[in-house]
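Next comes just one chain, in structure tokens: the form predicted on its own.
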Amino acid sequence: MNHHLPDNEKQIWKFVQKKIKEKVSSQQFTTWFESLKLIKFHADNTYILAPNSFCREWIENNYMDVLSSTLREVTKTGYKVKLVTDSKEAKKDKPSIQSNKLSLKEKNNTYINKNYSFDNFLVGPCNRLAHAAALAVSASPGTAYNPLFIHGPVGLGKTHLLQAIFLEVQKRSSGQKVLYMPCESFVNHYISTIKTGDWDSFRNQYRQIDTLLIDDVHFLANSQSTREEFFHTFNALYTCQKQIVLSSDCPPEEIPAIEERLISRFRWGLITRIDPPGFETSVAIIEKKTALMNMEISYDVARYLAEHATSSIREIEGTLTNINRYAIISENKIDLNFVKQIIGRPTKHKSYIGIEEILNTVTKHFGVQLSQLHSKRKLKSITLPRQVAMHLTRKLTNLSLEEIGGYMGGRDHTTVMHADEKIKNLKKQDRSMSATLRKLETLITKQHKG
């Protein structure tokens, strides 16, 4: 058990848990990861003790990628995670003798979550273009959009779409070499190759791929030499019309320290954004997720949950997981009262209003298009409605500054704060602006009630 571990292994496990805590919501961490215990590292395997079989199965189906990638990140070794519910299982299991180099199939098995299919991805206004582009790429790799660059705030389904492409390409063509990996793993592989000097093996591994999917490519910002190597890998694949799909938490031009030549290559294909889900999409996602989890909930419960967990799909999943866990433990029916006990009662009714309603009203009033609000253009005719939209979203919803920035073309939270302050000051100085804002607010709340 954990208390018999050597001190260095205890430290490693503490660090792994600390890293996981940064990647998932606090609810998810408390529910699934806090009670896990490291039994031992043995040859190629890491044995981890789960408190019960329900917890073990849930992690295997939903969080294996988080657990495996974090372990690899901390240990710099491709351990295979073995979850057990009895520490005796670890003693019985004899390790297989394997090379340190993971095969393509092993690499993919480490990261891929089979639940991240197109069938399980819920399409709404916030992700329609990204979903359509991902489908097109999976149907015709290397020809539809190359590269495909998907960006947006964390927890909105970028990884889901990349893995859905992987699963679909693999299903359609068994001869295709497809590789999905987090960018961090590409960087770690590059660093380990510096030590071994086996550059031919490194380059061949990536340049013989037919479809390369790299998640969180903004991680390249941390290493210039890795960016150089990625640049040459990108060129080699693109020249041979091989498909490249990338995801990032921001558009290419906002990735810190990235060179113009890489930005220009990312722009060769299609750049598309995923936004946080609006109220209606959140309700639909909740209904889809609960069906997958075999949870029975009413529409009223789905609506109530959508009011409290709309900032990201990951947050929605964490909330549902927590509710499901408590319902199983307490053998309670998941009704509105039970859900209110678990997640608390609302203090405001702000989040009933979705940002889509605000954006629709603002764009109609000012005669601009949504794409103009999202753009980087600084014409006054566009800047003013953009700032008004940010101000009203700040006032009428529970979205955070980061989330509002994500909706508004991936802008920084300081931009949202500036816009909010600017409109507040303008409202005090300019009567017509004050009247416009009152009118827009009335329209939005009336539409919502209607």
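Computed from a prediction, not measured in an experiment: that's the story for all the values here. So that there is no doubt, residue numbering starts at 1 and follows the sequence shown.
Below, we refer to the form predicted together with a small molecule, which is not included among the displayed structures.
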Select from the listed residues Glu307, Glu357, Glu229, Glu317 the one whose heavy atoms reach within 4.5 Å of the small molecule in the model of the complex.
Glu317
Quick one: of Pro153, Gly269, Pro182, Pro251, which gets a non-hydrogen atom within 4.5 angstroms of the small molecule in the model of the complex?
Pro153
Looking at 206 to 214, 237 to 245, 184 to 192, 116 to 124, which one sits within 4.5 Å of the small molecule in the model of the complex if you count heavy atoms only?
116 to 124
The small molecule contact at Thr159 in the model of the complex, heavy atom, 4.5 Å:
yes
Classify Ile313 as contacting or not contacting the small molecule in the model of the complex by the rule of any non-hydrogen atom within 4.5 angstroms, answering yes or no.
yes
Partner contact for Arg72 in the model of the complex: the small molecule, 4.5 angstroms, heavy atom:
no
Is Ile285 one of the residues lying within 4.5 Å of the small molecule in the model of the complex, judged by heavy atom distances?
yes
Working note: in the model of the complex the C-alpha atoms of Tyr407 and Arg267, off by 3 Å or more, come farther
A 3 angstroms or greater change in CA distance between Tyr407 and Asp216 is reported in the model of the complex. Closer or farther than in this form?
closer
